[in-house]
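In structure tokens, one chain follows: the form predicted alone.
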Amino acid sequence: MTMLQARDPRTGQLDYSFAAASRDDIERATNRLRAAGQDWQKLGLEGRIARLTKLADVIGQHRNAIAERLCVDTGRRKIAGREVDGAIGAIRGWIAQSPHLLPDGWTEGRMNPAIRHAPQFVPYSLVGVISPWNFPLTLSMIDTIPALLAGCTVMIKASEVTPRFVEPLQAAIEDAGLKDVLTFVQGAGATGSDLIDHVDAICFTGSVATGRKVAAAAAGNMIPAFLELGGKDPLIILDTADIELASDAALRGSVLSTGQACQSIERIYVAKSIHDAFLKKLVEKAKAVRLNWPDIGAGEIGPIIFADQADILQRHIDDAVAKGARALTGGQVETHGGGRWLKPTVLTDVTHDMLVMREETFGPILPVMAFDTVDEAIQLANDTEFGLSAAVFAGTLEEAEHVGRQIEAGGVSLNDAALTALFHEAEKHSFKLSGMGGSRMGPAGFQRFLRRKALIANTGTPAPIGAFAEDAP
């Protein structure tokens, strides 16, 4: 048995031990899930809705226990509670819309109306989910809920960085009577690799580097992979924008959750005519943001959850400063209580040869760069290997939309920033290296867990072989 340890991000202490699932453990879990899968499918959508309604209720009953563990996992209290409430809301939201997400009935053929076709939707028997550490519960459940409703069973490997929430959540799953269709396996990368070898489809949220490995393993097993990977999201602020509102959106979009979100704003491009005024306002607001140390119940910025990420943040800042950038706020990873923290760091005089403008940062760093023309801003925004999401702020929605339609990203927030973190109804695809597979949002987030079978019926007379003879009229 391999034992792993998890670090408390507020104290820096390794204070939690847990056993990594072996390949045999995964095999046993797989057998249990597959054995229950037929009955789960036979329940039909209405039956699964009833079971998942109970799950939402039971998670609500276990809310405090799950939120307390999430709080330790991530070092933040309010967002931990919101993750639990969000999971409950997501279950209820999917339940409400799921009866309306699939086409039904027979359709006459265009070439021959006597031949009709109807769809049948067949779920993947077992879906694997590999989730990251930044939103441990949210990203464990975001693919799981629609997959369960579709009729799949699900096995989740949560991040080994944030494992504590799994125990109380698994208890809720068992209390809801769903342990045979939904389970967690704990472990590190090897556990994730073993999971891919046992499932019929895989959902992964995480880095591009690991996503490539997941995609290769899935391809080797001839199973679909749904990947949401890194981002380097740009925000373009046009000269017509309200500086007060734009700076609010830029700051929140960049530093909420300590910037530890794939859809965080990581590059800010501002029209030269308002650049200085915007920068002054942004710096003023960034300086007012507080660490939630020593009181977890106060402040806006939590600790850096994954210790190694702190080194990446400092490396990006140091590289930028060495190449001519200036840090107007923050700029130095701090240690408080054994945890690692970074205050909002506004960088100016940045250029695209700096790591902070090229690589995913995943922290509260706000590099600001001026542009002369809108075309230049669009070019700069698209000068990246990522294409997860983006944002445009302008004086009117029409102006923002005109620019947003030219940005190479899957979701573009208009007159706000990072809206995909708050609004999950719009289908979108990741561009470039930011992922592949169907949208996890909107109706496609449900439909991708179903294989479509075509039933094709001839209501007329079958054609004889003679109709295809070379000398037939």
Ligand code: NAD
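Because the structure is predicted, anything quoted here is derived from the model rather than measured. Quick note: we count residues from 1 along the sequence shown, nothing fancier.
Beyond what is shown, the protein has a form predicted together with the named molecule; the following relates to that form.
By the criterion of a heavy atom within 4.5 Å, residue 139 is counted among the residues contacting the named molecule in the model of the complex. For residue 440, a non-hydrogen atom is located within 4.5 Å of the named molecule in the model of the complex, even though that partner is not displayed. The named molecule is not shown here, and in the model of the complex it never comes within 4.5 Å of any heavy atom of residue 329. Among heavy atoms of residue 305, none comes within 4.5 Å of the named molecule in the model of the complex. Note on contacts: among 133, 226, 278, 341, the single residue with a heavy atom within 4.5 Å of the named molecule in the model of the complex is 133. Distance criterion of 4.5 Å from any heavy atom to the named molecule in the model of the complex singles out 205 from the list 205, 144, 247, 98. Judged against the named molecule in the model of the complex with a 4.5 angstroms heavy atom cut-off, the residues 159, 189 and 210 are in contact without exception. Note on the interface: of 124 to 132, 342 to 350, 296 to 304, 370 to 378, the segment with non-hydrogen atoms within 4.5 angstroms of the named molecule in the model of the complex is 124 to 132. Along 382 to 417, a non-hydrogen atom within 4.5 Å of the named molecule in the model of the complex is carried only by 388.
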